[in-house]
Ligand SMILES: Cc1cc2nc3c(=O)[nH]c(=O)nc-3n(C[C@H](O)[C@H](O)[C@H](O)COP(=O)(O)O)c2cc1C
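Take a look at this single chain, the form predicted alone, given in structure tokens.
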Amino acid sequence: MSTIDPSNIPPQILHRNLLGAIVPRPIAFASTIDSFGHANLSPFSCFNVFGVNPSTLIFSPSRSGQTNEVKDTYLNVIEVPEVVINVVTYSMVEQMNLASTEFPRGINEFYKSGFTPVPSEKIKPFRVKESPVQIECKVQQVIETGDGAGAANLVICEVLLIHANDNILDKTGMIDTRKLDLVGRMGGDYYVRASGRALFALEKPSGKSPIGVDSLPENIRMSTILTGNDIGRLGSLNSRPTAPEIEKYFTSADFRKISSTHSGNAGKILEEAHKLAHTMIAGNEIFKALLLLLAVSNLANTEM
């Protein structure tokens, strides 16, 4: 494994490595305005939500890594501490990319990139009509982390209003992530599309008492066949099979098939059981998979 020491490499190389590793990043398509009323629109991938009471969004229009100049967005929020954070969908990603161009100060990126400015209700900067979620924010604080090239400027925002298109809401009126078709920023020139088969659901274990990976026998934890995801799903079960359940499983068709096919070869039985358990877990038969694994583990221990 390679080790990178930030103190021994140029900032530009560190920047490329960090942004290549910390992915995907959501995109804040930030709309601001200066004291003369000139609109600005620019995307930033150093962005996220950090709390809801008070509601807190933070994004960073960092200093240029080449020239050390600050962004127009940074200058604007200092002059007029307000911003609209617009989300970016796949259908608008090319226009967003165009808006990221370093145009001279005062140039309106709405017009350069072909987006439609819509008046906000509580603040001066415009919303992007084409974005399905537009968040009006008040800038509470700007933290400059340094004055060198590539230094971050953390723009800490409080949410005042959220505008969401009706067609991306579910039946309860909540924003449905599956309907957004958002894009995220990767390293280099790469983006990722968060929709369709790229989306998957994981039930959170909070509020439950999972057995944990540490409760599994060593041959399961150190399996070369079961994946880390397989092990994680086994450890997420709320209970282990009981001794009577394991004993009963010895008579099951799955167990009999494996044990009879490879009779007397404990290593081969263990291998085949792990392969079958991997398939079971993929089919969401997690408890049954653990039953098989524990039964075979007991058999292997007995034969040893």
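Start at 1 with the first residue shown and count on from there. No experiment lies behind these values; they were computed from the predicted model shown.
Heads up, the form predicted in complex with this ligand isn't pictured, but that's what we're talking about next.
Within 4.5 Å, heavy atoms only, one stretch in 243-251, 36-44, 50-58, 267-275 touches this ligand in the predicted bound form. Which? In short, 36-44.
Could you tell me which one of T224, T172, S91, T101 places a heavy atom within 4.5 Å of this ligand in the predicted bound form? Checked against the cut-off, the match is T101.
Here the chain is shown alone; which of E136, D230, E109, D181 has a heavy atom within 4.5 Å of this ligand in the predicted bound form? Looking at the other structure, the residue within range turns out to be E109.
Please determine whether V84 contacts this ligand in the predicted bound form, using a 4.5 Å cut-off between heavy atoms. Taking the distances in the predicted bound form, the answer for V84 is no, it never comes within 4.5 Å of this ligand.
Going by a heavy atom distance of 4.5 Å, is F126 a contact of this ligand in the predicted bound form? It does not: once this ligand is placed as it appears in the predicted bound form, F126 has no heavy atom within 4.5 Å of it.
D72 versus this ligand, in the predicted bound form: is there a non-hydrogen atom within 4.5 Å? D72 belongs to the contact set for this ligand.
In the predicted bound form, does N97 come within 4.5 Å of this ligand, counting heavy atoms only? Within the cut-off, so yes.
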